[in-house]
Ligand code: AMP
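The form predicted on its own is given below as one chain in structure tokens.
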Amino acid sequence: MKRLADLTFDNSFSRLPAGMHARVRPTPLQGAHLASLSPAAAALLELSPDSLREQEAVAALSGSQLLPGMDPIAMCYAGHQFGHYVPQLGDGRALVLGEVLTAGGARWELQLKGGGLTPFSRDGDGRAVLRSTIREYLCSEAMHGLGIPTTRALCLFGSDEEVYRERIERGALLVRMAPSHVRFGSFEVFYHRQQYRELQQLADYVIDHDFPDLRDCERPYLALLREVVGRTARLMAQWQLAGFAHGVMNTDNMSILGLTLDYGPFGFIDAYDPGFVCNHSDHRGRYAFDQQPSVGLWNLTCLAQALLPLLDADDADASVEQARDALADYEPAFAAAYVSGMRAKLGLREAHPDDPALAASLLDLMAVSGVDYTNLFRDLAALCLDEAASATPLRDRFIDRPAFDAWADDYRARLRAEGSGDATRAAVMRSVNPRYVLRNYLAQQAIERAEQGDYSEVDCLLDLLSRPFEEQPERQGYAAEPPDWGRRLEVSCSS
């Protein structure tokens, strides 16, 4: 394992034309101290976790001193925010230090989130606050633990710096990792400016850097769009299956790699409510939980529009038709991934045409009764085939117990039809239904302790959520439904 100074840094994106980024040196974080680190993320860089505690590493990752090969940039992009096009956004508080090239051939961009002012700060201060930084740090690694594609979080820095949002808060900095931080809005900015040469340069970069297999396709830009459509469809299905609400699905928050990107006012569903809105600024519920799949398609439509000049340079109508064909793949891909995932959650081995209805009827019952989403699916693994429907304690979580009994009868019949065995099925279900997720109240408790200088709860949650499918008897309390105060938490975009 290596020290940070031993890593090989490059920054291929910085060699693209200047209009795609701005070179900016980080603004050193005052009184920066390493608050927490992710050993799993460090391993991706072939980096010794302990080396991150060395003063040289702290200085480099908190913005005080660059290492050889680092070439910090802020990326330029635009985006549709809550459905309205904003012609220029860009990294207002994020800086890509450079790419780490590993011995295994992987490339990981290291990005400082909270690294200071950039030309794209839009009257902001370029800083991040401790509460939102902790939430992204923990959720990035928690989503990875759940098997959901995501940016990763290497480490978290606290500081003595005061940052003003709704109130004065402690400043912080997140070191974020991803193979690329290019997003849908990165393409939109050049399409709407009619800078088609830059648009093509960006598309070529993404293909060569992230999807080299597409370069030999007859129509590489169409192949790129199809690839992103498929990845986004599968990501949306994984969000829905995990009960995860992103909260701000603007096109500038959508990764071209199909990663979960930019954790703001996210939330995992506690009491199941398909219309759950986790962002208290989303007054119309545009990004409600049950709207995420359709928003994913809407965002892809914006991306497809941005790529039109590249699809067929000689025939605009042909470009539109190609884009429509690519977008038509989204709903079947989402449905296939979602239904397959729901079968796994229910412990069903074989595909049956009535499975979507079986799952939907359970969700309907859960919504009426406000049943805890994560715990219900986890505990459903304990249901036995040879017990009467009215014998399972799960029924007591439902207001209409006879309705649940009827559903359980149908479910048992479905299991018997494929020769299901209780023990084998339970093991499989527990491997896909987590015991632990990052509930908002758990994050809030960690934040409150960290604001007093105690990061032990952050580290505890990081470890817990890296193994969300394992029973951890000493931490069973972390699977509990939220207390009353935890049900009323409001989360905003402010960071």
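Keep in mind the model is a prediction, meaning the values are calculated, not measured. All residue numbers refer to positions in the sequence shown, first residue = 1.
This protein has a second form, the form predicted together with this ligand, left out of what is shown; the following refers to that one.
In plain terms, the part of the chain that comes close to this ligand in the predicted complex, with a heavy atom within 4.5 Å, is 83-91 out of 387-395, 83-91, 345-353, 304-312. For the options 180, 253, 111, 159, the residue carrying a heavy atom within 4.5 angstroms of this ligand in the predicted complex is 253. Among 77, 404, 338, 221, the residue placing a heavy atom within 4.5 Å of this ligand in the predicted complex is 77. Within 4.5 Å of some heavy atom of this ligand in the predicted complex lies at least one heavy atom of residue 121. The closest non-hydrogen atom of residue 125 lies within 4.5 Å of this ligand in the predicted complex. Though the partner is left out of this view, residue 234 does not reach within 4.5 Å of this ligand in the predicted complex, counting heavy atoms only. At a distance threshold of 4.5 angstroms between non-hydrogen atoms, residue 286 is out of contact with this ligand in the predicted complex.
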